[in-house]
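Single chain ahead, written as structure tokens, the form predicted on its own.
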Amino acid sequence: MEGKKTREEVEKINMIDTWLTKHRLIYVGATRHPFILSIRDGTVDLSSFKTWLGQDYIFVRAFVSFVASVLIKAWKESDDSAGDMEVLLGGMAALNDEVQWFKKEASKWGVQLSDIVPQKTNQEYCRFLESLMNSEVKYNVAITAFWAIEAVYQESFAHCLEEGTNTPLDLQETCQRWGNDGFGQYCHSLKQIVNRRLEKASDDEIKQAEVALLSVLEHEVDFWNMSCGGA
């Protein structure tokens, strides 16, 4: 008969939830930021929304390269590369639609994307993504960061679609893009990959993955702050 699992073994089976409990404060800060809450209660400053739209368009273009690098790492390192790559390819395919969506929304809101200059916060986030693309960064670390980036948007915008919210009609489509059930299922699939990988990962890789998760959450908070006029 198999003995009882140690606390450490139990935590590694569902490492993401263990971390989200441990780092609850910053996770809530990223997914319930005042910018998101202002969309949810209908008080959002549209100039802040336009800032976010332009800056996130720049970020998404960098994100495409990052996702491609994660796909390569999955091919080289995954113990279930076929399954992992299928999930990742689905995300890659959606990114083309996402880039086109940003262009359409920018036109709708009168945002000239060609005139957008990446702000310092955006530049730092993109540099962080670039650092994860290094061949020395393991798949376990990169896929953790990837999940976190997607999950923050999914949980944030899904919050704006809950019953009883006052999300402006003009922003409903934005919230649906990341808050819909399909994207939620995609994020769940990524989470399952991360948990599976980390269950067998070395202590060093687990530490690196946790640092990557925290870095994503910090960058996300900074990005929301930037959209609201912060530095």
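What you are looking at is a predicted structure, and each value in this text was computed from that prediction instead of being measured. Residue numbers here begin at 1 and follow the sequence given.
Another form, the form predicted together with a small molecule, is not on view; read the next lines as being about it.
- prompt: If we take heavy atoms and a 4.5 Å cut-off, which stretch out of 110 to 118, 132 to 140, 78 to 86, 91 to 99 is in contact with the small molecule in the predicted bound form?
  reply: Result for this chain: 91 to 99.
query: Any chance 62, 66 and 128 all have a heavy atom within 4.5 Å of the small molecule in the predicted bound form?
result: No: no residue has a heavy atom within 4.5 Å of the partner.
task: Indicate whether residue 19 is a 4.5 Å heavy atom neighbour of the small molecule in the predicted bound form.
output: Outside the cut-off, so no.
task: Indicate whether residue 178 is a 4.5 Å heavy atom neighbour of the small molecule in the predicted bound form.
output: Within the cut-off, so yes.
4.5 Å heavy atom contact, residue 160 to the small molecule in the predicted bound form: Flag for residue 160 set to no.
task: Spell out, yes or no, whether the shortest heavy atom distance between residue 124 and the small molecule in the predicted bound form is within 4.5 Å.
output: Residue 124: no contact with the small molecule in the predicted bound form.
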